[in-house]
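Only one chain is given next, in structure tokens, and it is the form predicted on its own.
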């Protein structure tokens, strides 16, 4: 208990201590469950708390919130509630059993006991519970989670686990890479069978996108993505997710934004596959643009790297693309000249503007309209290419443009 409470921040600690009092003094059958028990055994700091109650979780959540001056939200479909205290949140779940009407469907639930609640979980190391009553409670471990933690193994609880919820396959790889564990041979066999039977396609794009986000938030996100490709899980989500070359280039890099990871996944796709992937995952517009522009940039690399290309032409190409796609390409490109020019664009060229403004052009007698923008673009191109270097040069160039009648 002390190991858990030592790493829990203030708002959560007040909930934890109140739960312990209720369990010990009022015999409330409440348990700490899942990842928090796993992490405590592994001596990893516990930063979140999830509780299971054999009883009415929403009613307990309301009582906790009232006692501690917090708020709560009820999720009636699953008999769960969330308590909000001092900027933190705590989930309280009614012990339940689950059934799946078809592979990949959301579960149908009904209230039950702790045994059924632990049996519905994904892996043995997450199917443990710690009673909150008494000073030295024993971990409840019906599926051998403690031994698997000792042996460094990820193991499903039953043979239909991945078929019931294929997103568990991605979770298995996250835990494997995060903890430095190994997925058991039997679990890998079940994983392969789930993929070959096409159960991945039954899961909505929104759910897979959320699972990908969870991968991106992991410290070991790049090894996880590589492993997901090796196992065929990403290919099951979309058949074009098979090329790990760009992702491999990110190994060893830190603080990689989600948009850069998406960019690396699609770097060697064609535009048709990129559009199809965006639709499959129901990507928001910002990520859809990243996908599109990463692929577009991949097709323009030779133009940008050409020895005689003008800087203004490079900027014309890149101005039309999302900066995030350009930044990501810098991370994983293996072409030094391309990388150098993309970096210079991001740091210097895209901010460069001419000395004269639109108001200056109006003062020079150029009528308002599209021609103003066209002339400003030409001034910027001339500055980028070294054809002008000061305001006087620009005025001379404008005189030439007026004489041309452009």
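Residue numbers count along the first chain shown, from 1. Keep in mind the model is a prediction, meaning the values are calculated, not measured.
Here the subject shifts to the form predicted together with cytidine-5'-triphosphate, a form of this protein not shown in this document.
Original post:
Of the options 165, 322, 190, 141, which one has a non-hydrogen atom that comes within 4.5 Å of cytidine-5'-triphosphate in the predicted bound form?
Top reply: Partner contact (heavy atom, 4.5 Å) among the options: 165.
Subject >> One residue of 249, 97, 178, 310 in contact with cytidine-5'-triphosphate, assessed in the predicted bound form (non-hydrogen atom, 4.5 angstroms) >> reply: After the contact test, the surviving option is 178.
Original post:
in the predicted bound form, does each residue in the set 245, 293 and 298 place a non-hydrogen atom within 4.5 angstroms of cytidine-5'-triphosphate?
Top reply: No, because 245, 293 and 298 lack any heavy atom that approaches cytidine-5'-triphosphate to within 4.5 Å in the predicted bound form.
Original post:
Within a 4.5 Å heavy atom cut-off, is residue 122 in contact with cytidine-5'-triphosphate in the predicted bound form?
Top reply: Output for residue 122 is yes: heavy atoms within 4.5 Å of cytidine-5'-triphosphate.
**OP:** Give a yes/no on whether residue 34 approaches cytidine-5'-triphosphate to within 4.5 Å in the predicted bound form, heavy atoms considered.
**Re:** Taking the distances in the predicted bound form, the answer for residue 34 is yes, it comes within 4.5 Å of cytidine-5'-triphosphate.
Subject >> Interface membership of residue 38, cytidine-5'-triphosphate in the predicted bound form, 4.5 Å heavy atom rule >> reply: Heavy-atom contact with cytidine-5'-triphosphate at 4.5 Å: present for residue 38.
Original post:
If you check in the predicted bound form, is residue 126 within 4.5 Å of cytidine-5'-triphosphate, heavy atoms only?
Top reply: Looking in the predicted bound form, residue contacts with cytidine-5'-triphosphate include residue 126, since a heavy atom lies within 4.5 Å.
Original post:
Can you say which of 371 to 379, 345 to 353, 45 to 53, 23 to 31 gets within 4.5 Å of cytidine-5'-triphosphate in the predicted bound form, counting heavy atoms only?
Top reply: Of the stretches listed, the one contacting the partner is 45 to 53.
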